[in-house]
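Before any questions on how it binds or moves, here is one chain, the form predicted on its own, in structure tokens.
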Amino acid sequence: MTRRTLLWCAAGMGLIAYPLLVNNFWLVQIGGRTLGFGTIALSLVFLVAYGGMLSLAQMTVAGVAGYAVAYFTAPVAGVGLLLPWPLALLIALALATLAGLLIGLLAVRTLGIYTLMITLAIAMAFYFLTLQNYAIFNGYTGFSNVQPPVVAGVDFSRALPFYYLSLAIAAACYGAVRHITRTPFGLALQGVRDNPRRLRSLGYDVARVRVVAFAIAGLLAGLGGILNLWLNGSISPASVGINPVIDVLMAAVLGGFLHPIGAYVGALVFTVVDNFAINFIARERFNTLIGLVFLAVVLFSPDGITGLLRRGRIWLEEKVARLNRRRGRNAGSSSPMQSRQET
């Protein structure tokens, strides 16, 4: 078994045993929120790392899924329909995937700052739509008292089942991203990122590959949005406003765009700072604190915390290898003397 496999096994065992070591606050507000929010950030990391496309509409897609679940499972003030929760989840994930697809159709023919601005405009348009529409989104109030389902006697509104549900969904999304990147589609997507002109000359439809990537990212964001909805128990226009949109970007940058695990690392750092900033600085100064953390990470490690950890691991391995080579030379130089003493 390789060292990397052992490390992943240890991390998995630690996540499974995490509820045994913490109270309900750390279990749900730190662990559960990190996993749900990190899944939304994972959809952005997938687009950036493997497609070279920076989107600010991932929280918007998550909001589509969240609003859909709330609309079909927790109608309020005459707004919404009551459907069986499996059907509501299927509709929500289908709408999130469709939203990602439509956003991709608008954004894939642009690059860089233009993609960023188009997706930001879409995010702001959706925010104002939810704020002003009462027939579907219930306006400023939104939906409240949205509870997770009870499945086979397991109440996922309780802390422990909700954490393990979030962990299972996050692990499935992470594994799916890792698998997709090794498929022919994933390799084509990385080729589009590196040299779209060459991929086009080989017969690939570059725009179609990018649109499909947006649809996959939409499904991932939808799953994260449903977890966020169940965590908070409510959704409103504030859930999809400019601050949550930027929060997803900051979490992805903090963790690092080069590896999918960076989404969850960044979400963990952001969640911890968000929850405990009040202990170090006034609550209204939270943006200042997270901004300083963001600047520190970007300045000292442009590829995020995972990049910093990767460089630290490489440095440690080189140090150990250098020490082993030195010990080998010392052992080799001492052998002739030992042989003369024996003579």
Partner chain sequence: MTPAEQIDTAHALDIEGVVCRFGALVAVSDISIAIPPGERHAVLGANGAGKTTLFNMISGDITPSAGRIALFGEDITSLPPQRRVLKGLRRTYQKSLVFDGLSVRENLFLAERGVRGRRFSVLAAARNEQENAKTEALAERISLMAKLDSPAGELSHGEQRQLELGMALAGNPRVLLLDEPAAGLSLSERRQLLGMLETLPKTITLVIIEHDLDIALQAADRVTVMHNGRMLAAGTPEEISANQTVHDIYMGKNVN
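Numbering follows the first chain given and starts at 1. Quantities reported herein were computed from a predicted structural model and do not represent experimental measurements.
Same protein, other form: the form predicted together with its partner chain, not shown, and the subject of what follows.
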Test of understanding: in the model of the complex, would Gly153 fall inside 4.5 Å of its partner chain by heavy atoms?
no
Margin query: Check Gly139 for me: does it contact its partner chain in the model of the complex (non-hydrogen atoms, 4.5 angstroms)?
Written below: no
(Q) Considering non-hydrogen atoms and a 4.5 Å limit, does its partner chain approach Arg109 in the model of the complex? (A) no
In the model of the complex, is there a heavy atom of its partner chain that lies within 4.5 Å of any heavy atom of Gly78, even though the partner is absent here?
no
None of Tyr204, Tyr164, Trp85, Tyr174 but one has a heavy atom within 4.5 Å of its partner chain in the model of the complex; the exception is Tyr204
Answer key: of Gln132, Ser144, Ser157, Thr183, within 4.5 Å of its partner chain in the model of the complex (heavy atoms) is Thr183
Partner contact check in the model of the complex: of 99-107, 195-203, 86-94, 230-238, the stretch with a heavy atom within 4.5 Å of its partner chain is 195-203
Across 8-43, the residues having a non-hydrogen atom within 4.5 Å of its partner chain in the model of the complex turn out to be none
